[in-house]
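One chain comes next, on its own, written out as structure tokens in the form predicted on its own.
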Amino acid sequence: MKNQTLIQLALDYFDLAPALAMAQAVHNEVDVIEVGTPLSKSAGMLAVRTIKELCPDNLILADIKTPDVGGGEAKMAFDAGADWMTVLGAAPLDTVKLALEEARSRPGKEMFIELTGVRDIISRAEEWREIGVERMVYHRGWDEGNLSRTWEKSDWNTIQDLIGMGFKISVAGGINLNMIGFFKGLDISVFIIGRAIRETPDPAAAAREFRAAIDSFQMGR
């Protein structure tokens, strides 16, 4: 039996107060709460610590996209209460190794490779798999989504290849209800959803709609 696909709420805010309000409104309807990259830069580990205290039953991801100092930044995120943290795919392999070692030293903690901007994904993925990386975020970036980037069959194929290599894949980037069907046939581990929940009149209700759609997607794949 496959594990249930998780829903992750991306708190891509520049200020902590609205992020806390959104987390409080939606946390019962999602599995993972992401302290987005802008928020982790503006409010630092205070954002991670506060959201973990507010939502103790959720997994918390610190989307810090570490480019260097992998062990130190992973330690910082985990000490603040994050369950998961991200390392930028362009980071040196040594950075990935050190962040992975820090995660492995703590029960229940995990690090993810964040693929934003990575062009040679499969060749890099072979290196990451060799050192034991298990999770990655396949991400259509914020600026790409606003300007030039759409989800295409080539993305589906790459995700399928990564899953075949043994990775657990999270997908992110402009995902709305109509897009869930695009991923049919793929064993997606986590759907990361931001604006399609946050920017609605009733975010909790929107999250429930995603849960129903993803459960249907999972049963039908």
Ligand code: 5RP
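Just count from 1 along the sequence shown to find any residue number. In this text, all values refer to a predicted model and were calculated from it rather than measured experimentally.
The following text describes the form predicted in complex with this ligand, which does not appear among the structures shown.
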query	finding
Contact residue in the model of the complex, from Val26, Ile193, Ala47, Ile188 (heavy atom within 4.5 Å of this ligand)	Ile193
Segment that reaches this ligand in the model of the complex - one of 50-58, 66-74, 155-163, 173-181, heavy atoms within 4.5 Å	173-181
Heavy atom of Ala19 within 4.5 Å of this ligand in the model of the complex	no
This ligand contact at Ala10 in the model of the complex, heavy atom, 4.5 Å	yes
Heavy atom within 4.5 Å of this ligand in the model of the complex - qualifying residues of 106-127	Glu114
